[in-house]
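This document starts with one chain, in the form predicted alone, laid out as structure tokens.
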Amino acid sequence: MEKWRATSRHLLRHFSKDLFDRRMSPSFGTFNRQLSSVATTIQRNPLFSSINSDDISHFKEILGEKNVIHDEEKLVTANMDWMRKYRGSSKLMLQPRTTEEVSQILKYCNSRCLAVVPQGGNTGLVGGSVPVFDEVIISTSSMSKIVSFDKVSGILVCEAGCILENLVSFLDNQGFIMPLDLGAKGSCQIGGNVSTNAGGLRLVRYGSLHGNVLGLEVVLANGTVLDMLRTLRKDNTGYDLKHLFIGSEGSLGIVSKVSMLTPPKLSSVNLAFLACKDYSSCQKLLLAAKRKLGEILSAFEFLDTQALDLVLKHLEGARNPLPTSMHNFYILMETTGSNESYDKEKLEAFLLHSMEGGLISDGVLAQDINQASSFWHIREGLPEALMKAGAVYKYDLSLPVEKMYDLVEEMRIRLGPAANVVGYGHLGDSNLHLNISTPQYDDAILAQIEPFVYEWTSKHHGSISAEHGLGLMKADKIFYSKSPETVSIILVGSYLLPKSLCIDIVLLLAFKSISMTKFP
């Protein structure tokens, strides 16, 4: 055992030094992102080739002319993220229709040293789905077929480019539901959801994608197709490698197909919009809901008064469900069950008891699907409202429930009247979306936010990315949530797979973070 440990330490040092030396060469080109309190210098590897006319001709032979996009105007959207914070300069976007075409593309790019970046619906919030420099964009949008669906087991197999909302509609017609639900469901794709391990609104009921995804088909950087597309709930034959790719953000390969377990659609859905006087009441209400409504509780979202006020001012069609007065906190609580009269009676009794106990100040139960949709519109429309309000600094954090709102309050004290600090998120699974809204981006304000928000999160044993991923925004912040030893193991593991040239950015930033740490 001691011999193995010594060998392990040697390998860590060997791989770390080898990768670090190659990626930190002073001859690299540089690129600065002024999106953190200290500018991040990102270096373009001079070994990466640039696209030429022969490359474009080759891709047209594989994909056909219409699926090879090199018109600058058509590339503008693909080069920019949804937040309009990150912008690349790619000269080429490829739209493969099959796994084989993805494989041929990556095999060729690997042989030519062409950097690539996979892109799904491009709804990410951390700059992970757009080029950093001039990488070839590989879009999965044309891979949108449903391969199979088993009505007995509820197992869905589909291609990576399927839009989440389309899958929701398909399953609804089959009497099933997607275990994943996001505000961006109209644009996001299942391959991107899996690659970022997206959480969403109903994780409290159905769990994360690590539990719902049964299998994957992935194309590695050298074009090798890794077939892990199982439809079995039990398979203990060695390592379950699919989990390496769930949440890997495309850094290990491109997800091309997904098999997923989907639950049956239940007939009884109830939604309540509630007001609470303070955050302590929100916590107590959550605990009471888990105890009293455990088997039917399917969502438990919270937002503060600043969040609701912002939505009412900037989101079209938003109406206050409790118009008589504004409250400090609001809860959106959903139950899903199979017995409509029993479930509603149980929920109403719970709400009455909670109101009598002082946990709820006011509330309303949705009477029909239209009213329920208007309630969800408030919660799901918050990102859009924040964008319309001006500049926004977004932080997706996982924290102990009792500490979540302490950070919001500390940020308000820290920033004063210079910013509108908004707190909302998935209270049921301890996920805070901290948003700081200002008229325009300001380096002085950013310096007050970062690295304080990451240090505070680390101090309270939280995660700097609950569900959005690291992307370009937080790649060099990984050590706030992971130890240097853990990061080294992650990178050693990734080094053993065929390397995608586009991910050197993420690995470089992570190594930049741990390079100053001495290992025992």
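Given the structure is predicted, the values throughout are model-derived calculations rather than measurements. Residue positions are given as counts along the sequence shown, with the first one as 1.
Omitted from view is the form predicted together with a small molecule, to which the following refers.
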| item | value |
| --- | --- |
| Lys394, His314, His327, Arg205 - the one with a heavy atom within 4.5 Å of the small molecule in the predicted complex | Lys394 |
| The unique member of His433, Lys185, Arg97, Lys242 whose heavy atoms fall within 4.5 Å of the small molecule in the predicted complex | His433 |
| In the predicted complex, Leu164 touching the small molecule (heavy atom, 4.5 Å) | no |
| Proximity of Tyr424 to the small molecule in the predicted complex, heavy atoms at 4.5 Å | yes |
| Pro383, heavy atom within 4.5 angstroms of the small molecule in the predicted complex | yes |
| Contact of Lys346 with the small molecule in the predicted complex (heavy atom, 4.5 Å) | no |
| Which of 352-360, 424-432, 443-451, 332-340 lines the interface with the small molecule in the predicted complex (heavy atom within 4.5 Å) | 424-432 |
| Heavy atom distance at most 4.5 Å to the small molecule in the predicted complex, all of Arg44, Glu135 and Met473 | no |
